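Coming up is one lone chain in C-alpha cells, specifically the form predicted alone.
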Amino acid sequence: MRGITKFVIIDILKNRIILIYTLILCVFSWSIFSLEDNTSKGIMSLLNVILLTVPLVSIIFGNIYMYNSAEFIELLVSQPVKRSAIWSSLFLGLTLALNTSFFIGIGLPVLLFVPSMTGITVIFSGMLITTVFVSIAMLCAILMRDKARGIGLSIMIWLFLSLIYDGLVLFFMFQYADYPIENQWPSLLHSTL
C-alpha cells in the first residue's frame, strides 16, 4: 500500500497542472496579503478563492486522474493486492498531493501573514474541502464508466455544492426573514418550564 501511495504522489506532483495550480494559488495569496493592510480582509478575500477554485480543481483533477489511470488500476487489480488497499492508496496519494499543493500555495502565505488560530482554521478547512472533493471525484469516476459523463457529473456536483446551495440558502433566508427563529426558543423554553 505504501508503494502505491508513494508512486501516486510522485506521479501527481510531477504533473504540470498541479505545479501551475500551486503557482496560481501562491500568486493569489501573496498578492491578496500584499495589497491588504488588514489581514482580516485578506483572509476574507482568500476564502472566496478557496471556496470556488479549490473544490473545482480538486474534483476535476481527481476525476481526470482516475480516468487516465484506469489501465494502471487494472494492472494493480490483477496483482495479489487487496482492492481496498488499491483504492485507499489511490485516495491517499491523490489527497496528499493536492493537499501539499494547497499547503504550499495558500498555507505558507497564510501562516506567514496570519500566524494565529484563524489562519490555521483557514488552512485546515481548505485541506478538508480538498479531501471531500477528491472523494467525490473518485465516487463519480467509480459510478460512471464513461469519461464525459463522469466529468459532467463532477461539474454538476461542484456547481450544486459551490453555487446553487448558497443561492438556495439565501433564498430561504430571505423568504423566511419574517419568522425569527432565535427569538422564539427562549420564550418556548420559559413557557414549558
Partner chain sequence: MIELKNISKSFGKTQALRDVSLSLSAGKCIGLIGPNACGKTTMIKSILSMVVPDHGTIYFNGKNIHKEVQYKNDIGYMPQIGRYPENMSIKQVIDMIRDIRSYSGVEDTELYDAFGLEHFDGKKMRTLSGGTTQKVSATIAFLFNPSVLILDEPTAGLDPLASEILRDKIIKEREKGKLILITSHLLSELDDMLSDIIFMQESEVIFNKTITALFDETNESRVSKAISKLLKNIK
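Numbering follows the first chain given and starts at 1. No experiment lies behind these values; they were computed from the predicted model shown.
Here the subject shifts to the form predicted in complex with the partner chain, a form of this protein not shown in this document.
Within this chain, I104 is remote from the site of the partner chain in the predicted bound form, having no heavy atom within 4.5 Å. The closest heavy atom approach of L111 to the partner chain in the predicted bound form falls outside 4.5 Å. Remark: V77 counts among the residues lining the partner chain in the predicted bound form, judged by a heavy atom distance of 4.5 Å or less. Looking at F72, you'd find a heavy atom of it within 4.5 angstroms of the partner chain in the predicted bound form. Partner contact region in the predicted bound form: 64-72, out of 130-138, 44-52, 64-72, 151-159, criterion any non-hydrogen atom within 4.5 Å of the partner chain.
Contact annotation for 82-121: residues with any non-hydrogen atom within 4.5 angstroms of the partner chain in the predicted bound form are K82, R83, listed in sequence order.
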